[in-house]
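First structure 1, then structure 2: two forms of the same chain, each alone, as structure tokens.
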Structure 1
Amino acid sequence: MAAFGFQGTRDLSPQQMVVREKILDMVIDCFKRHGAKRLDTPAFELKEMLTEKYGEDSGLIYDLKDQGGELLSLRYDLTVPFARYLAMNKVKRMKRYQVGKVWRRESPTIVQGRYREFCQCDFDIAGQFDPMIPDAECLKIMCEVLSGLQLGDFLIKVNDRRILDGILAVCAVPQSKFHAICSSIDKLDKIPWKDVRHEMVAKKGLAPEVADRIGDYVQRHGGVSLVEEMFQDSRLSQNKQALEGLGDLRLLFEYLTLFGIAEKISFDLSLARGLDYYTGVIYEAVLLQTPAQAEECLSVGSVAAGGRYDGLVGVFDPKGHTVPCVGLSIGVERIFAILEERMKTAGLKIRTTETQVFVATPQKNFLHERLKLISELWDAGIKAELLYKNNPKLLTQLHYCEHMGIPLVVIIGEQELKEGVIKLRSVASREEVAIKRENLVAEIQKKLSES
């Protein structure tokens, strides 16, 4: 099991790293399939680059000690560094992915897979393109990753910041309160409407009738038919911003239908996504729990999220040149928590090494022969191990193979040396065959390709 590091961090055991690598490999394969290039950026950024980009969350940024006038902070996500990279390098078009650690001064709730240091996997499309084609591809990628990881049934909620702003405007929310009210709406997936309404009225000073008007909108969700319904809404259809957002969502649903994923998408008017930099379509994927899972209370919140942020690059560009961007982030820690829990429940044994062949001997004074033999295997690209002992017992060597799940053993002793052969033993079936020394590598490769 994992040892927890200091607060909000953890050490990952070899067993956990195996599970983690499988998740990352699957995610990265998907990103590559969609033509993305890999990018990496430093773990820290200039503090001024990060503040004011995250709204209420900017208090969670880790600041580093002032080292001679340089104020630096650990990166909070991979999106802001990407936007900074595009601006500094005057890149106008790029499809990139990045995998790396980010840091947040959260009060960690470990059970939900929330940490102060965690890994993010991001995919983004930057550039001026025809509307909603890249956005639809981002949602397709989310579906491919979540289906591929076999996490169970999921739903992707979609909304648009312009629709949300339009709703607040037509409900007569003062512009100065937009942000505060948005962050209340964003809690609707965790707490009921009456509590959200109470927060808006009692804590944020909104008139009760304004809150009720907002409630009529934000409790609604559905498919493309709800988009059409909103077009017909007498109040909302008066708002230019909301109409633009609805127009884009209508187009988005058309493309999602062509991609065969429309039934996985829900137009959800309560989705707000707290971050300040989103400008258009926003989305969030949640796992749908079976009744049994609900009883276990393994609630993990969203497992992937993202949206369109057309203004962020311009913030870093001295001349304010913008590059439209849309992207998504996969929540590796939460997915990892779910898969780990499942493997524990199923009692699955995880192999922590990929060793294919073990080099053994039944006799004393055979270390030199074993070393020559294993070197041949390594040079041929075969993953091989031996015990670091001059004269190990054969039983000890075979037990090690069983314990580590190593499939093949090659055995060399006096008899084999005399006859110019090597014994090849299958650990599972315990069958042994004698193979000519010079054919050993070819025979092992053949066996491995069959298994």
Structure 2
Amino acid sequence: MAAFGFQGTRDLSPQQMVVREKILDMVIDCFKRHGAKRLDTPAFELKEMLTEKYGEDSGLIYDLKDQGGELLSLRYDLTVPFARYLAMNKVKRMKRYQVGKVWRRESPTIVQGRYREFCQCDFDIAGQFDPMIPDAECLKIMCEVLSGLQLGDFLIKVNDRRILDGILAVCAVPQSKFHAICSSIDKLDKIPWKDVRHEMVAKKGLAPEVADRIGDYVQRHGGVSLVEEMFQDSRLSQNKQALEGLGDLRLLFEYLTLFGIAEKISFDLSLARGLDYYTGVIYEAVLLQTPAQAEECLSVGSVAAGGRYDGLVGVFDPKGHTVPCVGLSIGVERIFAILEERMKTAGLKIRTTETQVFVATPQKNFLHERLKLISELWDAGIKAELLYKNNPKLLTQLHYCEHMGIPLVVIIGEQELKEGVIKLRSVASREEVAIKRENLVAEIQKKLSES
């Protein structure tokens, strides 16, 4: 377990950083494969920019102390800053990715890989386009990332805010309760229907028969055939919003089939997503658990999510001009946690440095020669180290190489100096060859390219 600087955040050790960088590189590669540009925004935003964007979770926003000047808050996600950027710069069309930390004042539950500071990787497509083409690409990206990281089988749940609103409307839920009821529905992946129903009735004041009508819908999930079935639903088919949502989902499934990923997607009527800004299709990827791993996987939860938010940019524009957007966020922290755990279980040793050559000597008073030599290596772009000692023992130096996984050692001593040579030793095979001092860099580069 990593050490905690204080409750809820942590330092990331070199071992952890190696795993994280590999994962981030893979995610970023995927985002670039889909033509995204990279954007960066500040860690804090004006406090007012973040209010009323995150529904029930707004209390989790970190505020900065008022030390004079504007009131500031740490960013809670990368979506709101992106929308603010688009509005501020009057950008009407942009495919961007952003990788960065966000901060939330959550009760830290370490086992779930939840921290108060965590990294997000977001990909979003802003602009007015023909329906569902960018949305389908977002789902394709989620599949590519999750397959690429070899996390095991996964499923992407899809729903549409308009279908959900339509369901609530045809079930006669008062408009003022939509938000509260949605957040109850969203819990269906964690608690059984009877508990959700209880919450709706006892805590949120819904009539029991209304709750039951909702239950008939939201407990359903399936593929494109469920979309068609809902089109035939006597009540839902009367609701304009729901029909729009269903029409978009039908089209989405068409495109997902062309992308060869339709079987990874489940139309799930209980998916609600907590954030206020979503307006259309929403989705969430979960890892599927084989029984043996059930407990471990259960604690991991969603590993990627996103949706369409067509109104958010307009909120930041002085004239209310909006830009339709759709995007996704990869929950890399949870992925880090899974892969770290897997590597620990497998007992894999991770190299935390990339040093290629170690400069050693068996003799005393050879610091000057070592420094001259290593300087040559560095200047040739070779990754090299030595011990910061005037007279280290040869065994100490060789042990260091073995411990750190450094493949090559250059040895210089009295004899070598006299003959104008250098010994080049392979740490794994313990083979040593003498090479001419002037060929040192070339020989090392040859050796490194062979391995």
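The term rigid core refers to the most C-alpha atoms you can superpose between the two forms while keeping them within 1.5 Å. Structure 1 provides the reference sequence; residues are numbered from 1 along it. Bear in mind that the values here come from a model prediction, so they are computed numbers and not experimental data.
Looking at both structures, it is structure 1 that matches the form predicted alone. Shown in the overlay between structures 1 and 2, fitted on the rigid core, is a CA shift at His368 of 2 Å or greater. Comparing the forms between structures 1 and 2, the C-alpha position of Leu394 differs by 2 angstroms or more, with the core used for superposition. Here Glu21 does not count as shifted, since its C-alpha moves by less than 2 Å between structures 1 and 2 after the core is aligned. In the rigid-core superposition between structures 1 and 2, residue position Glu431 carries a C-alpha shift of 3.4 Å.
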